[in-house]
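For reference, the chain that follows is the form predicted on its own, supplied as structure tokens.
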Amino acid sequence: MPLSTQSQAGDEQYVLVASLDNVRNLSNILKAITFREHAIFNATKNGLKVTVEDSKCLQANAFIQADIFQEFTIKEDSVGFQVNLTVLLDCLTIFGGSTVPGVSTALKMCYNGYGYPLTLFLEEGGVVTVCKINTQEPEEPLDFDFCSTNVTNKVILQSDSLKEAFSELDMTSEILQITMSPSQPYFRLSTFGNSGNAHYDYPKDSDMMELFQCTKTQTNRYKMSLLKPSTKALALSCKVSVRTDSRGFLSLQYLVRNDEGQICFVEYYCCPDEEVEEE
């Protein structure tokens, strides 16, 4: 692809240059965290982290490692900016996001530093389109302080089994209750909707359960409205790690394979719903 193989003379002016032979490897992962208009981009030599937040209760992060890109050049330790995610996705799919075998849109993404727009060069079939998107100074993302030392319970599941659970649970329920325990029911999802109470249990030795590490019984409730955006990531993923910490905060980490079979991660943090009394 011309965009990623040609070293253009003007590249020296940019603090960040990232190229992809297939733009879907970026656009698909961004769709998995699109539930608010703006996103915070933070680039380091390790790659790109994109963060979207909702009212200090929910945070989604997409991690695209540097080696996913055909070219990833950064001139500072860290480069950050905020952009309108809806506009960015519209630009990334300007050629229609073709899924025809052998036809892909190449992307070169350039950023010149504070106050400058994010410039996208998109090429498909010899046609190049240039988009410039205004950037803002990034807000400081919320620190959920979710560290592995405070994790009390963790399971890793095949994503298909979680998709099946969501299809069977009553999504009219305002909350999703998650029970994790070293003893039965081990891992249980519960809803309380219009058609009554529903429970979905996973035995700890289930074929769908890749890892089961539960140290104490925890039952926490989460607003369904906060969890629904994460189903976009679930749909793309092949595995999901479900963790809770001592405060009841929830981490959902999705392993996503792109069109080339490379691995990216999408992580959602959600705070527990403290308004509902335990029954």
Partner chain sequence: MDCVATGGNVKALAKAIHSLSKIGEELYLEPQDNGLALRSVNSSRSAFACFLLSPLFFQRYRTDPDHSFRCKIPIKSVQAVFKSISSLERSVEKCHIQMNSEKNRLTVALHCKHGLLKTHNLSYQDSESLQAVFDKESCANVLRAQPRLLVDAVLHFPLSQEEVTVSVKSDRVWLRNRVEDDADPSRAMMTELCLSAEEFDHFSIGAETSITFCLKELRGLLVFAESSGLPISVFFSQPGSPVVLNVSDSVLEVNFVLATLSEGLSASWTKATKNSSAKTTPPPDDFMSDDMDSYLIAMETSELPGPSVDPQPCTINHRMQLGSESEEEEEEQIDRPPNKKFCSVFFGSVLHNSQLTNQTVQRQQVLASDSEDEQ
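Small disclaimer: the values here were computed from a predicted structure and weren't measured. Residue numbers count along the first chain shown, from 1.
There is another form of the same protein, the form predicted together with the partner chain; it is not shown, and what comes next is about it.
The candidate spot formed by 167, 194 and 203 lies fully in contact with the partner chain in the model of the complex, as each residue has a heavy atom within 4.5 Å of it.
With a 4.5 Å cutoff on heavy atoms, residue 133 does not count as touching the partner chain in the model of the complex; it lies far away. Using a 4.5 angstroms threshold between heavy atoms, residue 208 counts as touching the partner chain in the model of the complex.
Interface membership of residue 198, defined by any non-hydrogen atom within 4.5 Å of the partner chain in the model of the complex, is confirmed. Here the chain stands by itself, but in the model of the complex one stretch of 122-130, 71-79, 142-150, 159-167, 159-167, has heavy atoms within 4.5 Å of the partner chain.
Residues in 228-249 all lack a heavy atom within 4.5 Å of the partner chain in the model of the complex.
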